[in-house]
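Just one chain is shown here, as structure tokens, and it is the form predicted on its own.
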Amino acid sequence: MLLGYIKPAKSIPLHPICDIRVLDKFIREAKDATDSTKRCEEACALPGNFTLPKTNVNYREWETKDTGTKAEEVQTGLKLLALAVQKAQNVTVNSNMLHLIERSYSNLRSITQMVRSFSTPDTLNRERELQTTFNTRSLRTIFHVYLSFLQGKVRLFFLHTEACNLATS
């Protein structure tokens, strides 16, 4: 029998690592989903209203916000998108559309985790009330907003985090 003493190691939290190529992969998949819905008519109609974030970004205003505020806005927008996609998943019967929806929902959850890893502990559970939302009844619109949100606020958020600035230097 071998007995030994193992010295406990200090637990140091891992620092988030930024690889913008991961986000680009999610953006490409969102674009593919958006392109796939261009041809659908009846399969894209959804019962009820789905609340989505508006995707326009005032770049001057965005630059003046602190990282915590940006993270809150991005997290809240992602949450609205995830809720809309999940709700669409529950009412869609078309198997092709269902596959796109499930894939998008999985990607949204991954992106949300990425954003959370760059957020400070005090902003993790806070959500910002978005003043700019709108309702839709179309899967096509949900995918279009999903793509625009990733290309806009989410991409800007990651490009301006310290880890991403170090990774791209």
Partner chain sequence: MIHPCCQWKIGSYLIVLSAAAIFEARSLNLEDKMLLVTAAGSEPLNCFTQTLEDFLCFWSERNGSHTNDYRLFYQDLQGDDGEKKECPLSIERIGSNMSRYICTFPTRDVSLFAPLEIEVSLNSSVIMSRQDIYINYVVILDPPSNVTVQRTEKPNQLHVQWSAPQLKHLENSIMYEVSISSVGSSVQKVETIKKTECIFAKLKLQTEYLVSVRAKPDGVSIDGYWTIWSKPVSAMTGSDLDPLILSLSLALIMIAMLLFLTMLMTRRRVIKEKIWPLVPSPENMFDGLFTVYRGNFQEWLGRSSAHILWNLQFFSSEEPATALEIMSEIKTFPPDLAKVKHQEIFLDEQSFLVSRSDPFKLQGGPLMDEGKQPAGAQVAPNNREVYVVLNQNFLPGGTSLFDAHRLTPGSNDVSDEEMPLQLLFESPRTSSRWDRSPAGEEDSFRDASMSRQSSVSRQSSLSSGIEQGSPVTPAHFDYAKYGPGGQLLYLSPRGFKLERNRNHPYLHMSDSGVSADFSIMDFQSRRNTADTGIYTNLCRREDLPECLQASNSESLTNHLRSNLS
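The structure displayed is predicted, hence computed values, not measured ones. Positions refer to the first chain, counted from 1.
The discussion below concerns the form predicted in complex with its partner chain, not included here.
Heavy atoms within 4.5 Å of its partner chain in the predicted bound form belong, among the stretches 109 to 117, 28 to 36, 42 to 50, 96 to 104, to residues of 28 to 36. At the 4.5 Å threshold, heavy atoms of residue 22 stay clear of its partner chain in the predicted bound form, well away from it. Of the heavy atoms in residue 18, none are within 4.5 Å of its partner chain in the predicted bound form. At least one heavy atom of residue 55 is located within 4.5 Å of its partner chain in the predicted bound form.
Although the partner is absent here, residue 66 lies well away from its partner chain in the predicted bound form, with no heavy atom inside 4.5 Å. The partner is not shown here, but in the predicted bound form the stretch 132 to 152 reaches within 4.5 angstroms of its partner chain through a heavy atom at 134, 144, 145, 147, 148, 151, 152.
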